[in-house]
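Before any questions on binding or motion, here is one chain by itself as structure tokens, the form predicted alone.
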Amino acid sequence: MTEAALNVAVLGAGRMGQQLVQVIEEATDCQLAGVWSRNADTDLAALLAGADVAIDFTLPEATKEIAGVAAEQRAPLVCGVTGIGQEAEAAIAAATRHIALLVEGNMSRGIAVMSRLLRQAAVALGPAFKAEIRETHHRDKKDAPSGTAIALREALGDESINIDSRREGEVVGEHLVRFVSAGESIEIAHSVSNRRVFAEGALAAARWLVEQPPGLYRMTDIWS
């Protein structure tokens, strides 16, 4: 551990939170400030006051509270929660006036690069090619379509694109975009076999975010 170790608070004690704790503990440049969940007695404000940055892998119901407290404590926040509602989005927008806040439903570097490739492909291929999106996740995932699939549709610049959502077994995450014309097709796909990818991406985002001014950021801002 170095003297300048980044003090990281983990919000959420589920599968992703546990994976993130492990990644932080294995890192040589970071240390765990603590873990918070809505069912625990930990004081969120006190935890964030002592952290350099926080990473949120809780549930949509907690996002509004977390964004507000992070802004009050001036703690940069990485939010990996999907399926958040309008009130939480408004809280995030308000918080960005005071802190750097990165929101992304998929923290992998591969998806960030895929999003940029899709923007380029949509422009280069033009209206002769129609896009289709298919996403597959484990059977316990609650939101459908996935936040990642919605973000990929946004990257394509066409909200009318259909998203085929599938929930099967223990699939961590698979996303495929297919461009189809009258005579040819192109596919760009991404798959994840281990949730550690998301934890490592979130920690990379946290390292980057602490150097940024207040504002709203995405993973594509890191890997441009």
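Just so it is clear, the model here is predicted, and its values are computed rather than measured. Start at 1 with the first residue shown and count on from there.
Below: the form predicted together with a small molecule, not depicted.
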Pick from 113-121, 140-148, 127-135, 93-101: which stretch has non-hydrogen atoms within 4.5 Å of the small molecule in the model of the complex?
-> 140-148
Exercise: M16 in contact with the small molecule in the model of the complex, heavy atom 4.5 Å | yes
Give a yes/no on whether R38 approaches the small molecule to within 4.5 Å in the model of the complex, heavy atoms considered.
-> yes
Would you check, heavy atoms only and a 4.5 Å threshold, whether Q73 touches the small molecule in the model of the complex?
-> no
Taking heavy atoms and a 4.5 Å cut-off, does D43 contact the small molecule in the model of the complex?
-> no
Would you mind picking the one in D158, E187, D29, E61 that has a heavy atom within 4.5 Å of the small molecule in the model of the complex?
-> E61
